[in-house]
Ligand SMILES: Cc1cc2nc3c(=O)[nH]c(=O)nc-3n(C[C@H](O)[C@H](O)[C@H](O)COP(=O)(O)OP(=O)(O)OC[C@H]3O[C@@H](n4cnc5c(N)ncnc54)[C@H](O)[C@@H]3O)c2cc1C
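Heads up, the chain below is alone and in the form predicted on its own; it's given as structure tokens.
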Amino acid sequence: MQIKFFEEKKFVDRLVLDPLGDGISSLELIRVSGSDLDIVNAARVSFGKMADEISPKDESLIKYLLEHDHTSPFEHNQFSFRVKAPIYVVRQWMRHRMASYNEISYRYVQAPLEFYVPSNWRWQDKDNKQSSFGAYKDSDVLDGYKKTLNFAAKIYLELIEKGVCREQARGVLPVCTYTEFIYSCNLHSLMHFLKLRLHPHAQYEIRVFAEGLLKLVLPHFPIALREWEKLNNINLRN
């Protein structure tokens, strides 16, 4: 599988990705703990051993653990990401339950009314009910899509102005409205997410976020993730 990366925005000492390339979506690694060495030490603690640095033998051990689904040594670490994505992408994302989530609440704050507008439309796959294929542009479809978004935004603001509470007014907002959340998980959980969401049959909009996750964590666990890539036939194109 060849992965093509997307626009990057650099802010002083951190990297924020724009997976959907629309100037609104964002993905940032805000905290990480652990390393390849922690994987090795978690595996070798059974024998009462502890290493201070990675050796070639340890690299082979990590490969062995992945090949034989010995998953617990990959759980002694943690990542936290800040994500901005369309609601319908986030609802797919949160089906992965071996993680922690905290999301912005449009009960507490007024929605910023930022919407995801696809750069291309895809055809519905007639054989796979949950899949799509191809790409095409249609100005009439785009105009209708945008008119619907503008109307929803107009009604939302009117409801707010008339005193309707935010928790009810948000009911008119479409699922392409952007939301933000914090996503925390360990490497085992993340690799499971990536295996499913990097698959060619995964929806494009969540697949590009998965590509970004892999890019952000790869420098922190280079041995484990490179071996994981080989095992799953995934190749990065930088």
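Since this is a predicted model, take the numbers as computed values, not measurements. A residue's number is simply how far along the shown sequence it sits, counting from 1.
Omitted from view is the form predicted in complex with the ligand, to which the following refers.
Shown alone here, Val175 lies farther than 4.5 Å from the ligand in the predicted complex, counting heavy atoms only. His201 belongs to the set of residues with a heavy atom inside 4.5 Å of the ligand in the predicted complex.
The shortest heavy atom separation between Val117 and the ligand in the predicted complex exceeds 4.5 Å. At the 4.5 Å threshold, heavy atoms of Ile160 stay clear of the ligand in the predicted complex, well away from it. Note on the interface: of 142-150, 80-88, 96-104, 117-125, the segment with non-hydrogen atoms within 4.5 angstroms of the ligand in the predicted complex is 96-104. Proximity to the ligand in the predicted complex, defined as a heavy atom within 4.5 Å, singles out one entry of Ile54, Ile182, Ala42, Leu196, which is Leu196.
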